[in-house]
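The chain below stands alone and is given as structure tokens, in the form predicted alone.
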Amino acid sequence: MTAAVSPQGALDLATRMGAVLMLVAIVLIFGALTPGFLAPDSLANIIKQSSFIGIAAVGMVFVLLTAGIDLSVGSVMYLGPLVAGLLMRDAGVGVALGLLACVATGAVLGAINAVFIVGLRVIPFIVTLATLFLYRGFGTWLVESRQLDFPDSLRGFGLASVLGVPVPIVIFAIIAAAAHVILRHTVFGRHVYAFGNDPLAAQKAGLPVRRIQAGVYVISGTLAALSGFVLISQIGRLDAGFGEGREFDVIAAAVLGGASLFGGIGGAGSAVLGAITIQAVKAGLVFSGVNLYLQPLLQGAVILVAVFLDGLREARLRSLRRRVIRPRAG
């Protein structure tokens, strides 16, 4: 006797498979157009280049699960590594301490967002839009818009590998695995999902809703700063435009992977799938020789489809919630 699948479970399964099918379709289409796209080195490079967006997208998933938004991640990606770079240049600290300073800066910036969102109850969109400009403005003031060069030791870190796997991919995998464990196997993770599905019910149940909300923004800030550090370790220099506009890639990656803008749906796998999908589209357009000015248009179309499907999914969920379960006639 087969177990019945609930509509909610079927919808969640369809959503997860939809993200996977989208990625498979993109890879197959570009692979057919340009066979070099499917070369092992090309695919490995796509995963490596998606690592920094994926790390930030993991943090964004935590925020989206609570039906929030964090538009400041691009500026945090800039300011976190900037603080680390100044310490490495002026105080002579090593890569490890620089990394620690970077993620600590990200946690502080995320906490600032949380103070306004949770403590003062300002809409997340407004708060993080303001801090997007505030954090970047503070960073450009610190260096007066001058380029900051990092020591060679950081480049060595970014180009290193562990058992043949590039360090950026290793860090991405560790972060994604840790996020999966937190969300699926800890009390905090269950609270995040409960709050995202029904904030009022979570509050009535006695959950620490303010702590939950604050926590996800601290996590987002921390991982955004870490993602900036991972990217800068591959480039070796930071200018005033570093990380600019990356918040849109991060949000798009989370939504493309299956996280919902309406809260309560998503996971670490959403960030992984979405980040790789975003980078696969970018790489495929380059391999296919698509006009440089058309590439943002096509990328936007892919994101728009993901948002449209997310809207349909939320509408379906609302209709399921409105249904009245009638007792069977005895």
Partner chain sequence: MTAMLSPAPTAPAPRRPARRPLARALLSDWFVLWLSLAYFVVLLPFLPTLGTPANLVNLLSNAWPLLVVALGQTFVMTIGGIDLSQGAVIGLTSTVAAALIATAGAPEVLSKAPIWGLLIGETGGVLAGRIWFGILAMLIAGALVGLVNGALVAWLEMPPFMVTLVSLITVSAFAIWLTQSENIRNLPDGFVALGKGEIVSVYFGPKDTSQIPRRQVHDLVTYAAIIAVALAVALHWLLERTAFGRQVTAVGANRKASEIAGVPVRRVIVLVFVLSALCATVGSILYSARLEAGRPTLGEGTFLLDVIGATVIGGTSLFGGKGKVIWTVFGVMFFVLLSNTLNLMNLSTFHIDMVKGGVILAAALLDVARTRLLRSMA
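Residue numbers count along the first chain shown, from 1. Keep in mind that what you see is a predicted model, and the values were worked out from it rather than measured.
Another form exists, predicted in complex with the partner chain; not displayed. Remarks below refer to it.
- In the model of the complex, Asp90 stays away from the partner chain, with no heavy atom inside 4.5 Å.
- Taking non-hydrogen atoms only, Gln213 never approaches the partner chain to within 4.5 angstroms in the model of the complex.
- Although the partner is absent here, Leu71 is a contact residue: one of its heavy atoms lies within 4.5 angstroms of the partner chain in the model of the complex.
- In the model of the complex, at least one heavy atom of Leu134 sits within 4.5 Å of the partner chain.
- When you look in the model of the complex, the only residue of Leu226, Ala176, Val127, Ala101 with a non-hydrogen atom within 4.5 Å of the partner chain is Val127.
- Residue Leu294 is the only one of Leu33, Leu38, Leu294, Ala44 with a heavy atom lying within 4.5 Å of the partner chain in the model of the complex.
- Note that among 117 to 125, 168 to 176, 213 to 221, 82 to 90, the stretch whose heavy atoms approach the partner chain to within 4.5 Å in the model of the complex is 117 to 125.
- In the model of the complex, Phe133, Leu134, Gly137, Phe138, Thr140, Trp141, Glu144, Ser145 are the residues of 132 to 146 with at least one heavy atom within 4.5 Å of the partner chain, listed from first to last.
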